[in-house]
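Below sits a lone chain in structure tokens, taken as the form predicted alone.
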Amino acid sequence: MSLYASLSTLPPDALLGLMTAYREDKRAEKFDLGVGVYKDEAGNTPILSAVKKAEARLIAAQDTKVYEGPRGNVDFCTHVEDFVFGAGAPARTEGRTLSFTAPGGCGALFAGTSLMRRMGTKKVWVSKPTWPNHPNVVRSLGLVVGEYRYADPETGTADRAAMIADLSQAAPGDGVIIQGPCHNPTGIDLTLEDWRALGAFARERGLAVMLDVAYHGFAGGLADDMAGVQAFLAEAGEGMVAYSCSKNFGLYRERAGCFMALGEAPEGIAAATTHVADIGRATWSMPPAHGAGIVATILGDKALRAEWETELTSMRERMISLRKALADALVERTGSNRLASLTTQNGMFSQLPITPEGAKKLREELGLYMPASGRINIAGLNMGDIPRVAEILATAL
């Protein structure tokens, strides 16, 4: 009998399959609103100029390819902690934080979920809807997935009352993943008061919460986007953070991520540090260096950082303008003001009220590619295509 006879074939990843189908589609008119990467007006995903300069500088100065150690690039970790906890935060000087370079935001999520399991967590709650890889990571580690309601589709706003009602069923020690700014797939974000209330709730209930920050700077700017995360941590007292540099630095293939944790006592963080190091050792052994080195070079140089922030602002403002143009076009096409709520959402994604059957019809008959969930990538649009895209979408709304 074959060694692999006991294995059954898994269904293909839906989004990866969508990407392949789009590439193989020979129609002259086709639109890709599925793949989750930022695109410029020409449809390209550019390398930021600050990244090119930092990379050239990094390569010129590099004299070895030796491992950087279990924590990875320490300067990178320090800069990301500056974003998340704040420069000079008392918790950092008191030894109540930790940070590790990870292979992308997903690597950071894996490290955090693995740490939850070692702390005794049996179930991890994710928002409904959420990024499909959240439950995938949880299940891959043998943990149970729970779901909490997140947004009210009628108002287009986060539903804190429903979140807390569902999470009230969580047992002490259960894990929870809460997305930071620019929720994927809805684009609907929590208010500052929501963050404070959830932080207090997590502390009261003894929940192990990990905040997933994958689109920092895409909502209201670097400081504004982190205000809710910091408010949550201030109320909760403890928590974990998975941070990704894929989108805001355009470092998709470099896999630059950071896992962080905040504790109430330095002794707990010291113990957690040994476990995170052990988790990393057993999975990726040593973290990748190149992407983290690029980010550290940019954030450690005043001119490069200013250049990067200008580019980040340009990306954010372009997405905001695309949102408004699409919302206006859809309202005009459908006669429904409900879709005007697109302009109140943030980041790359929004979720339209389109059924899986409707999404399939749009793809097969009209060449518009989007996941069955109705999630669209706003950053995959360009101004010239919006009238036609709105016309096509309106047939399914």
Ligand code: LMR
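Residue positions are given as counts along the sequence shown, with the first one as 1. The shown structure was predicted, so the numbers you read here are calculated from the model rather than taken from an experiment.
A second form of this protein, the form predicted together with ligand LMR, is not displayed here; the remarks below concern that form.
Contact here is defined as any heavy atom lying within 4.5 Å of ligand LMR in the predicted bound form, and by that definition not a single one of 126, 145 and 201 is a contact residue. Ligand LMR is not shown here, but in the predicted bound form it comes within 4.5 Å of a heavy atom of residue 184. Residue contact check for residue 386: none of its heavy atoms lie within 4.5 Å of ligand LMR in the predicted bound form.
Although the partner is absent here, residue 247 lies within 4.5 Å of ligand LMR in the predicted bound form, judged by heavy atoms. Using a 4.5 angstroms threshold between heavy atoms, residue 131 counts as touching ligand LMR in the predicted bound form. Note on the partner interface in the predicted bound form: the residue among 259, 76, 215, 232 having a heavy atom within 4.5 angstroms of ligand LMR is 215.
Only one of the listed residues (35, 331, 58, 366) places a non-hydrogen atom within 4.5 angstroms of ligand LMR in the predicted bound form, and that residue is 35. Partner contacts here mean any heavy atom within 4.5 Å of ligand LMR in the predicted bound form, and among 35-43, 338-346, 64-72, 358-366 they occur only in 35-43. Taking ligand LMR as it sits in the predicted bound form, the stretch 1-30 comes within 4.5 angstroms of it through a non-hydrogen atom at just one residue, 15.
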